[in-house]
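A single chain, nothing else alongside it, follows as structure tokens in the form predicted alone.
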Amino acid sequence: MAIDTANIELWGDNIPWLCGLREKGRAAFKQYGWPNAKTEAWKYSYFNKKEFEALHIDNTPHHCDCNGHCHCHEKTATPFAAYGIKFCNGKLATEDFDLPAGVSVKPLVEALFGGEAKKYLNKSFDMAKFPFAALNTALIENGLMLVIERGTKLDLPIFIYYHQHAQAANLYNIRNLIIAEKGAKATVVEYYEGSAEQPYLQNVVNEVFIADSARLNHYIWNKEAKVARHIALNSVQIRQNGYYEAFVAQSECALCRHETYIELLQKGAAAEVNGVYRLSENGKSDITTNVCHLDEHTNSHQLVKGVADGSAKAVFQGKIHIAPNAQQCEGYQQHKALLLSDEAEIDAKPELEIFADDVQCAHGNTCGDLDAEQLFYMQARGINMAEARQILIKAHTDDALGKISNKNVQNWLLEKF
């Protein structure tokens, strides 16, 4: 049975404001239409609508049927010291969050029932511009609300582990609200891992709100099953002197599209949005960013590095928007990729949209093969061709990974990439 967004039974159908929000999501998704080759923002990454219609939604309560071998049965599932939160097949599985004072986490359904989520839901983006976020809103139910309270400074990261192992063609919708209140400092890591053999679609929306002088480090590694599609919107609002450091790492799967939309709302707001992708077979990676400077003295920096081999396809779309009143801003963006096969493809579209005259902005893009002189130099010193290539590839990706300020996270990803 194909997905029917209008008739599927969801928790909270008796809450008027929630029903109204879901209806707005359905209307926005219907009005936008299915992204296709003529949809500018999706022309490099669209997929067949029929594949979506073959998916199902599991709206039953969480129940793991993997005979005790799933991560949701473990106390923690973190590769380094961290506060662990777990999702299993799209549903929050953690029962005891074991978090320090100054941090509160609730399943989204609790935050919906209590009304705390209403203040934040769909307040950071326009559904008319993000079709899958509109779909996520139409089916909103699973996810969490994470609040780092005023002045709280966490000593360890919060590590959110998502694991997909259900042998069913499912659509998973996850909506997370992440709030860093005034003066708070925290690190959040999201790790998506899939072992399912059936194609599935992970549709994630994170709404992130960073208050005055707060700092949030937000690192995401998408390591979904190779048959999976992962579509995510990270929508962020940053207030005066707030700082957001983001990093997205993408591995091989049928499609991994991560879109970051940032609004630098007030003076002194800053964001650093970096990333890396490494594809060696026939995977598809899409890193899309849109950073909007909406006030003076705001700053943003972006560096994305990638590798495409085999018959893989990679996409980078980056946009910096400077509003008319956003004077004395700085915005920089760079994408560098290695294209290692005649069958591989990289599509890059960096953009600057500037409506102020006293700014410093730059963007750039380079794509090419490994440096022949460097390879020759290494071979002349006894390093065989295969090893020399791997050394240069790793040096290329390590440059971006070096931007991660949390050393535990950086070392973890350096080891894996």
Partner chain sequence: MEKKLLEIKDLYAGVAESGKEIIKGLNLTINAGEVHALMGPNGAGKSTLAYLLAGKADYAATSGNVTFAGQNLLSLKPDERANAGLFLSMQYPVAIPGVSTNNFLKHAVNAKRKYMNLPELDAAEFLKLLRASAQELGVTTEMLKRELNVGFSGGEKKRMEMLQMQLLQPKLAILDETDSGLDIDALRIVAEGVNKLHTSENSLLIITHHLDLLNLIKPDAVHIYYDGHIVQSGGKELAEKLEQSGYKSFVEA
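Numbering follows the first chain given and starts at 1. Predicted model only: the values in this text are computed from it and were never measured.
Keep in mind that the form predicted in complex with the partner chain is missing from the display, and what follows is about it.
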Task: the partner chain contact in the predicted complex: Ile383, any heavy atom under 4.5 Å - done: yes
Task: Tyr377: touches the partner chain in the predicted complex, heavy atom cutoff 4.5 angstroms - done: yes
TODO: Indicate whether Ala362 is a 4.5 Å heavy atom neighbour of the partner chain in the predicted complex.
DONE: no
Open item on the list: Can you tell me whether Asp369 touches the partner chain? I mean in the predicted complex, with a 4.5 angstroms heavy atom cut-off.
Closed with: no
TODO: Tell me, please, which stretch of 405-413, 392-400, 7-15, 21-29 lies within 4.5 angstroms of the partner chain in the predicted complex when heavy atoms are compared?
DONE: 392-400
TODO: Tell me, out of Glu351, Glu51, Asp58, Glu387, which residue has a non-hydrogen atom within 4.5 angstroms of the partner chain in the predicted complex.
DONE: Glu387
